[in-house]
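What follows are structure tokens for two forms of the same protein chain, given separately as structure 1 and structure 2.
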Structure 1
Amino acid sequence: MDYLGWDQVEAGAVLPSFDEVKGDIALLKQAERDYAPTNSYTASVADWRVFKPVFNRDLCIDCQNCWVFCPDTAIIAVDKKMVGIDYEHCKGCGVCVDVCPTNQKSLLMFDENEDNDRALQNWPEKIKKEK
């Protein structure tokens, strides 16, 4: 398939997300869907990320706010439980961190080159409210 550049696609053109839709696609997990070559799911779009979110499972309450608000569907959830971040599609916008309601947050932004295990070891303490 020959790909067009963004400035070569006609205004109003439709790029299909799936080659063939069988049943209710919404019920399938992302990895199980039959994506078309024109779908961005098949390509890494995170090359320009400077900061990345790191997920701390011990603090997560599985509220799904990050999953709902992520503009790139880069939050991986299984059976309504957050299990991680798809770093191939996360652009590092930080929306997931902004909408995390817990105090101490279960998602925080770290430098792109920070090792995730090291980030978890350096997780900041809970912020105490002043009376």
Structure 2
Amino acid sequence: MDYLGWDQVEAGAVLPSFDEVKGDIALLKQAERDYAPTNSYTASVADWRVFKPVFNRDLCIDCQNCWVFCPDTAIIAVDKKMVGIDYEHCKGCGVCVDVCPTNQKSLLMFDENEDNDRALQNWPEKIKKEK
């Protein structure tokens, strides 16, 4: 990207998110959009994560709660089906796990270094409700 002078930059540090919007951007899937070089979509902003959410497809009911609540839009949902986590942008805050309504949870936090397959094998049992 060329460096612009102060009189050339857009007032208010407003940046276009997409290079050329063809048609209705809202109808394009995340992965199909033409991101501008200034868009952080192309950069990993998740290096500081200590715990990561792991997604369990077998338990998920596709309620979209995690997608709505994730503050970093790091939940990947395609056609209203939960697909997984965008680990390039997930900050590891755990909000998705908190709002996941299934019992046992379909999303759980694990150590960043934990292998995802192993995490799925050791998924905790359903929590018994206290009478």
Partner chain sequence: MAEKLKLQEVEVWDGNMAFAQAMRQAQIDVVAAYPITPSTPTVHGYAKFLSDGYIDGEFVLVESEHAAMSGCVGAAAAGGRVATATSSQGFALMVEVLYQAAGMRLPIVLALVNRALASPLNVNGDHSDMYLGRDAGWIMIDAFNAQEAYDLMLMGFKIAEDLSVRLPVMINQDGFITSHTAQNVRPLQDEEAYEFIGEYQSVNPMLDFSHPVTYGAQTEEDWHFEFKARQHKALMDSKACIQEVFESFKTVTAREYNIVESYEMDDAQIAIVALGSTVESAVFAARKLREEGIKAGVVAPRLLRPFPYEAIKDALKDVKAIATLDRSSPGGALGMLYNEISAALYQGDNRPIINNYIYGLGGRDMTQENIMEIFRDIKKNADAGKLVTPLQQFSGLRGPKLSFF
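The model shown is predicted, which means the values in this text are computed figures rather than measured ones. Take the two forms, superpose them, and find the largest set of C-alpha atoms that agree within 1.5 Å; that set is the rigid core. Along the sequence of structure 1, residues get numbers from 1 upward.
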Inset, instruction - Specify the structure that is the form predicted together with its partner chain; exactly one of the two qualifies. - result: 2
Inset, instruction - Would you say whether Asp111 is displaced between structures 1 and 2, judging by a C-alpha shift of 2 Å or more on the superposed rigid core? - result: no
Legend entry - Core-aligned CA displacement of Val9 at least 2 Å between structures 1 and 2: yes
